[in-house]
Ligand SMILES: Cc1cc2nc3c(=O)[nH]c(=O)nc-3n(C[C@H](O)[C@H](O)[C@H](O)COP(=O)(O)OP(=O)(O)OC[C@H]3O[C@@H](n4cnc5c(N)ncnc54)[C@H](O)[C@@H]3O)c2cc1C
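Just the one chain here, the form predicted on its own, laid out as C-alpha cells.
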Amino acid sequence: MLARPGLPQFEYVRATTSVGVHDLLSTANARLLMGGTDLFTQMRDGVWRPRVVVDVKHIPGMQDITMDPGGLTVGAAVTMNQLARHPAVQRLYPALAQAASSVGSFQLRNRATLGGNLCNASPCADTAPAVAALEAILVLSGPAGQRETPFYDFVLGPGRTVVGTDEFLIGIRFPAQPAGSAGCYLKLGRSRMGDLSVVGVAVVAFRDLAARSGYRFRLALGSVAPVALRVPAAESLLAAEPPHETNLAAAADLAMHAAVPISDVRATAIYQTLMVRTLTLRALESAWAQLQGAGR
C-alpha cells in the first residue's frame, strides 16, 4: 500500500485582526484556517496547494457564543463541541445543538467549526439543515466592511458559496425563537458514529396564533439535494390544519417527494428517498410531542 502524500509547504499567518486578511485572500494564494479538519485533508490530497494559510480563529468574536434579546450569535470558529454543549443553545436551539453533536467523532468535534462546516458547502453538512430551519443570517467580513446574507442565499451548490475571494465568514446569527418552541435534528449515517450523513432532517416548531392550525413548523433536509432543502409544501400543510397523525404523515410524504438525492458511495437514491419520509415523520412527531409537553 502506498503512503499518502504529506502536506505541501506553506507559510502560516496567525491573524488577530481582520486587517490584512482580505488582501492575503485576494492576492497571495491563501486559504483560511479555523478548525482545519477539511482544509488539511484537502491539502494532503492535493485539492488545495496554498502558499499561505491564514489562521483567523484568534480574531475577536470568532470563538464567541453570545445571547441577546435579538437571538444567538455564533462565531465562525466556534467548535462543534462548544456549540453542542452550550446550555443556552441546548435549551433554545436544540436542533442546532443536536446537529453539532452529530458531526464526526468527539475528537473531530473538538476541532471542526460551524463556520468551516457551512463554508465547505457539502450537501452532507450536518449543521446545514438546522441552520436553514432556524433561518440564520451569515455575517461576512470584506475590505468594505461587513455584509449579511441569509443562509438560503449563502450556498450556491456543492462546494460553492457567495463568499468573495477577499471575504471570510465571521459569524452566524440566529433569530430569537418564540417562547416554548421545539426543535429536533435526526441523522442517518452509514454507521452509528463518525460517518457522513445519508439523510439529515431538521424541524423547528412553535405556537403561532396567526396560523390557522395555531402552529408553525419549519422543515429542512440535508444530503438529499445539492443544498439544504426547505420543504414549504409540508410547512404550509401543518400551518393550515392542526397537527395529528394523518397530517404529520402527509407532511413526511411531501418531504419525501421534495428530495432529489443521487446514488453514490453512501446509499442509493431510492433508499435515501424512503428514509427521508421515515426520519421526517420521527422528527415531526418529536417536535409535536415537545410542543404538547410545553403546553401542559
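If you're wondering where the values come from, they're calculated on a predicted model, not measured in any experiment. Start at 1 and count along the sequence shown; that's the residue number.
One more form of this protein should be noted, the form predicted in complex with the named molecule, which is absent from this view; the next part is about it.
Highlighted residues H86, P94 and R277: none comes within 4.5 Å of the named molecule in the model of the complex, counting any heavy atom.
Interface membership of R111, defined by any non-hydrogen atom within 4.5 Å of the named molecule in the model of the complex, is confirmed. Proximity of D38 to the named molecule in the model of the complex falls within the 4.5 Å heavy atom cutoff. Although the partner is absent here, V103 is a contact residue: one of its heavy atoms lies within 4.5 angstroms of the named molecule in the model of the complex.
Not displayed here, the named molecule is approached by W48 to within 4.5 Å at the level of heavy atoms in the model of the complex. Residues with any non-hydrogen atom within 4.5 angstroms of the named molecule in the model of the complex fall in just one of 209-217, 145-153, 163-171, 130-138: 163-171. In summary, among the residues M62, L238, A252, L229, the only one with a non-hydrogen atom within 4.5 Å of the named molecule in the model of the complex is M62. Between the options C124, L72, A182, L186, the residue in contact with the named molecule in the model of the complex by a heavy atom within 4.5 angstroms is C124.
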